[in-house]
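A single chain comes next, written as structure tokens; it is the form predicted alone.
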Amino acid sequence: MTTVLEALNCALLAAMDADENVILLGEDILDPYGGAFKVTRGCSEAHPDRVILTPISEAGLAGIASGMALRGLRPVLEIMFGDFTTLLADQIINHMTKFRWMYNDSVDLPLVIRTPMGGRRGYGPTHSQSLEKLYLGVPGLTVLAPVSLAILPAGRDGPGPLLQQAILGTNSPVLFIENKLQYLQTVSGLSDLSEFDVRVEFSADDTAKLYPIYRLTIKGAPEPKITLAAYGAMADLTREAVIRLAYEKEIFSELVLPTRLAPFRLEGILDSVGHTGALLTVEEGTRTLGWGAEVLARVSEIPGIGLKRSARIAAQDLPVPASPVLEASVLPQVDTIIEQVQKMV
């Protein structure tokens, strides 16, 4: 069984093997430490001249990575905790995503920023946030969030291939969100999804690169009454809720799991909502002005979609506590999802 951490690590090594222009930058990423969450383990041993240990200056190293990308390299920048992306917001919003427009589309900027988001590990208010919503409206930035699934025969749609494709196949900046809970989860295949009928769809971005959307429906169930949409680690919690709702409450639903958060492409969600008429979004970031709010707004704007009921589940608009009990009260749980679905159905 391959964990998400191992899949991401293999993707980094494979990308570096495939293209000598792939450069890895970050804090404490050299072996034997291999990064705070060990995703870069083995990279400096395999490619010692292309793994660069940086000072603790997120804004500075993001600027250096942008310059590398402009000169034809393919830098992969690890930010140790997603909370620290606020320190490179200026580089993301005012620089790397603007250069193609400023220079009349005469330059490429193939840069991937990897970072772990999320709580549930007791790290406290400044190391447990899910801040990806801050970047979903930045023009020119692709935001990806893998789920722990790889269900095509070659596994080409799982977390590792998604990262490798972002590194080698995209010529614009990418923010790649890895939830901390995912690292030790195993990459699920069809045998792990025996309760579900599975559909995998792909959405294309402006450069015709494809990113998967998973649709899971309980096998042999009546028509689903509600669509649930989630991403990242919340996909697994929502999947557990879907199973419990079916077997304990006889409430059947369809689960849609996009891996690309921006630019927004809602085809998989729209198709599902078209026959359920109800939509519940689930995310770990704070509720106000989040991913779910934007998804619900966009779906409600579609003429004739037939959306009759909608709601969103997210973290409370509070800092994430270090206390496990208090942290659990702030972040959404499986029971939270089940209770909300029961109210809607």
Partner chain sequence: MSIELDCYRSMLRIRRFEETVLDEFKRGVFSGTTHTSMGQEANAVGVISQLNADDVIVTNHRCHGHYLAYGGDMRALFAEMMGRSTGVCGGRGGSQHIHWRNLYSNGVQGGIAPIAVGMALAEKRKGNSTMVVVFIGDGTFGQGVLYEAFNMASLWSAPVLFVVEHNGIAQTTPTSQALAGSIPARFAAFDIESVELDTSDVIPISTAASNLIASVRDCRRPAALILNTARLGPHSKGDDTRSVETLQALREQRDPISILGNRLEPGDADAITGEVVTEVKLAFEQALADPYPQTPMEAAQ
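Predicted model, so just to flag it, every value in this text is computed and none were measured. Positions refer to the first chain, counted from 1.
Although it is not shown, the form predicted together with the partner chain is what the next lines describe.
Using a 4.5 Å heavy atom cut-off, which stretch among 182-190, 163-171, 95-103, 215-223 contacts the partner chain in the predicted complex? Among the listed stretches, the partner-contacting one is 95-103.
In the predicted complex, do 49, 68 and 71 all put a heavy atom within 4.5 Å of the partner chain? Yes, all three are in contact.
Single option in 319, 42, 63, 277 placed near the partner chain in the predicted complex, where near means a heavy atom within 4.5 Å: It is 63 that has a heavy atom within 4.5 Å of the partner.
Looking at 309, 287, 38, 298, which has any heavy atom no more than 4.5 Å from the partner chain in the predicted complex? Looking at 309, 287, 38, 298 one by one, just 298 meets the 4.5 Å heavy-atom criterion.
At the 4.5 Å heavy atom threshold, is residue 265 in contact with the partner chain in the predicted complex? Residue 265: yes, in contact with the partner chain in the predicted complex.
In the predicted complex, residue 53 touching the partner chain (heavy atom, 4.5 Å): Yes.
Just to confirm, residue 59 within 4.5 Å of the partner chain in the predicted complex by heavy atoms? Taking the distances in the predicted complex, the answer for residue 59 is yes, it comes within 4.5 Å of the partner chain.
Indicate whether the partner chain has at least one heavy atom within 4.5 Å of a heavy atom of residue 107 in the predicted complex. Output for residue 107 is yes: heavy atoms within 4.5 Å of the partner chain.
Are there residues in 6-41 with a heavy atom within 4.5 Å of the partner chain in the predicted complex, and which are they, in order? The one in contact is 23.
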